[in-house]
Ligand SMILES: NC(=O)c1ccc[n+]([C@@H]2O[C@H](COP(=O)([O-])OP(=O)(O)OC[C@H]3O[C@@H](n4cnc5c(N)ncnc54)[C@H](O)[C@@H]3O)[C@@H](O)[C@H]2O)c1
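Next up: a single chain in structure tokens, the form predicted on its own.
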């Protein structure tokens, strides 16, 4: 990986990094790949295994799953030499046994909290899949356990690592603040499996990508949301796979999200179509090509567009870039991008939008966060974690400062 790509992956100029720049966790040696155990041998586990094996910064040493034979299937399709990778049923126990440097956790959401807590207290850094966990109260609990242990916990928000998202963030940093940002997602998909019966599948499966990207691009955080959902007669989903949500942001701008799995034709693709309106310029992105930038000066616009169009060198994106970012942070002893504190407000956007749909009214983010803190404290069996959550002035402040 070139130094230019590394700089791109770790640039945080458009938004403050959460917590201290450097962690107290021992640095991963830079002279060898990170030893990785994957827990969860489903579709995402298979994808992660292939990326780890293909990566220059990591090596696969173990795969764990409760389903008999599932780890072996993931190992066989990963491209690794099966004789060099161990299979097991408990990912944390396997990671400890093998001396792993990193646990990647693409289990089902209900397992995110127990697996991550066990790993953090075993001293093993975690790279988790979105959503951070199943409920907002569990996410707040994980934030407390990360503080208690001092062990890094990053959530893979893969949209942040698209070149175009980084370009939009740089444009906003130079031409903002924004007044309105919108993301429109339309893709006719009839998923099989749990999404068919999941409550609010569009918000919980797809909304998180756009919500996190919007925070990253604009450098603003959510304050409140008004959302509505609908289920057309032809939908195969039991709940609303079509939603509209408008967020009030911390810089007084608005972020509007519209998403559907129910409409045929003129697909946006998986990354949504974006439009960003800012004080000194505007931008659009079709979700695949280069962003289109505009200011009120033709020469400036031409120069900016030329710079964006000239960026064509290959670089990691999606989960491959998440892996690079996580390992790089462990080597450098710094807080990784998408660390659990930074991720919390993106997840809160999802749960606040869900609450707004269910209540049929505007929902304030801080109100939801504080109610979830009370629920987290009541459910938390660890006395130190309870005390940590009780010590915070507010959940938002804890998320933004890392303490």
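Positions refer to the first chain, counted from 1. Since this is a predicted model, take the numbers as computed values, not measurements.
Not on display, but discussed next: the form predicted in complex with the named molecule.
Screening 41, 338, 52, 350 for any heavy atom within 4.5 Å of the named molecule in the predicted complex leaves a single hit, 41.
Under a 4.5 angstroms non-hydrogen atom cutoff, the named molecule in the predicted complex has residue 131 among its neighbouring residues.
Using a 4.5 Å cutoff between non-hydrogen atoms, residue 66 counts as a contact of the named molecule in the predicted complex. Using a 4.5 Å cutoff between non-hydrogen atoms, residue 146 does not count as a contact of the named molecule in the predicted complex. Contact annotation: residue 152 falls outside 4.5 Å of the named molecule in the predicted complex, judged by heavy atom distances.
From the list 203-211, 274-282, 295-303, 238-246, the contact stretch for the named molecule in the predicted complex under a 4.5 Å heavy atom rule is 203-211. Looking at 329-349, no residue comes within 4.5 Å of the named molecule in the predicted complex, counting any heavy atom.
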